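Okay, here we've got a single chain as structure tokens, the form predicted alone, with questions on binding and movement later.
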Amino acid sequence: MPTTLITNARVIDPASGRDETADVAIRDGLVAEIGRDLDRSIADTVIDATDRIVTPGLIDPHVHLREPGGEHKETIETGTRAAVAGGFATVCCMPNTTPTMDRPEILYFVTSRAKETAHCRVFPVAAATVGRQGEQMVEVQMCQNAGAVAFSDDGDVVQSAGMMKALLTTIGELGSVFMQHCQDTTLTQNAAMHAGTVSTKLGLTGWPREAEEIIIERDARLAEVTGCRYHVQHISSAGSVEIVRRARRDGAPITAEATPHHLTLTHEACDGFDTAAKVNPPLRELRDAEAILEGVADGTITILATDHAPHAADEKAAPFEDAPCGMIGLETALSIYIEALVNSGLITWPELIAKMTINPARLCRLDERGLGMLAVGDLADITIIDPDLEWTVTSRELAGMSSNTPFLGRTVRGRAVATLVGGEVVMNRLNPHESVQFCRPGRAPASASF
């Protein structure tokens, strides 16, 4: 395999503590050497990364690729094209597909389709209960053997405490992790958005914070009892942040993720019945967003995800109460996080990259496969970031099938300009005078300009 040399970059690898100007040599799909002024003559391809940041390939542990069953919204091919456009070299896809990813054969289908069509690495998250109904546990061991890196009924909560304890006991014995969609459904029937002044103004049924907080409080106790690793998905409430903070301080094996929209938007984005801002859990109030930002800054929230949830335009055009929840995020997340967290001075670049690489890798034990790190001998999954590149979010800029995001029209600064998977450039916008190029691993583009 040809040798690629990335030169003059700020190389950030939180797993090893590296943060320095250096070159990175790639050979046979692995990182071959990192150092200053490496020999250019050995390289078949040289990528000048002056004034750019080189990191381990970004990892998103919470993505909806919709295939099988929702191919009118997104497919594994289009979703992973959106992923690499946003700098992600690995995604973990959620099980709320049709049929549900609750059996080995469905997991094998997804991994097989990913091998055929994906632009990046895809790891499935299996459903925890059959049909995500919360009544019967899946064959956990068989699902793990079929490739599941975690278990979740995402989109639905495991409402029963008894079932939840049984799941945590079984999943914990396998060393895996349970990811919870935290929503006590007895408190959210017919709810369309956060319970607050905007829902009152619009005449919509409100979704209270305690619907999320009660589940986290319960599950934190069960995780401590069982010892199973437990992960809070898309945290949205100030009270939830404090519950997680206290549980982690007390030694519970609990982690949590934030999303770009819960960090930067509030329920006011729903004013005017804007369905682009309708998500689950809902956008809440400024104090909630501020608490999530504080949780990211103090280490309570260790992972930054997207909850990328594409929907067709006609679905989102339905009345607010009937429109589906969710917004896309793979292509905008990095830029929004840079703006909200790094450019604001809240956290450093290494802290941001840790929450988007090694921390999600450890969550799903992908670090054991050489992912989330950038050291000699590791897989050469790499993201190159231009921290000063300004761009405006438009439908034309988006690589996925759907454009359901309230960030359309927003100008942001900082963007991935190249994504490498196994040493191959699968997304390239390094040359500002050329359109972005995509390819799947093993299928090099006819020409590439660096």
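All residue numbers are counted from 1 along the displayed sequence. Keep in mind it's a predicted model, so treat the numbers as computed, not measured.
FYI, the form predicted in complex with a small molecule isn't displayed, but the following is about it.
- From the list 242-250, 277-285, 336-344, 370-378, the contact stretch for the small molecule in the predicted complex under a 4.5 Å heavy atom rule is 277-285.
- In the predicted complex, Gly155 approaches the small molecule with a heavy atom inside 4.5 Å.
- Taking non-hydrogen atoms only, Ala166 never approaches the small molecule to within 4.5 angstroms in the predicted complex.
- Taking the partner from elsewhere, Asp307 is found to have a heavy atom lying within 4.5 Å of the small molecule in the predicted complex.
- Within 4.5 Å of some heavy atom of the small molecule in the predicted complex lies at least one heavy atom of Asn96.
- Screening His181, His267, Lys355, Arg229 for any heavy atom within 4.5 Å of the small molecule in the predicted complex leaves a single hit, His181.
- Checked against the small molecule in the predicted complex, the residues Cys325, Leu187, Leu202, Val130 give one hit for a heavy atom within 4.5 Å, which is Cys325.
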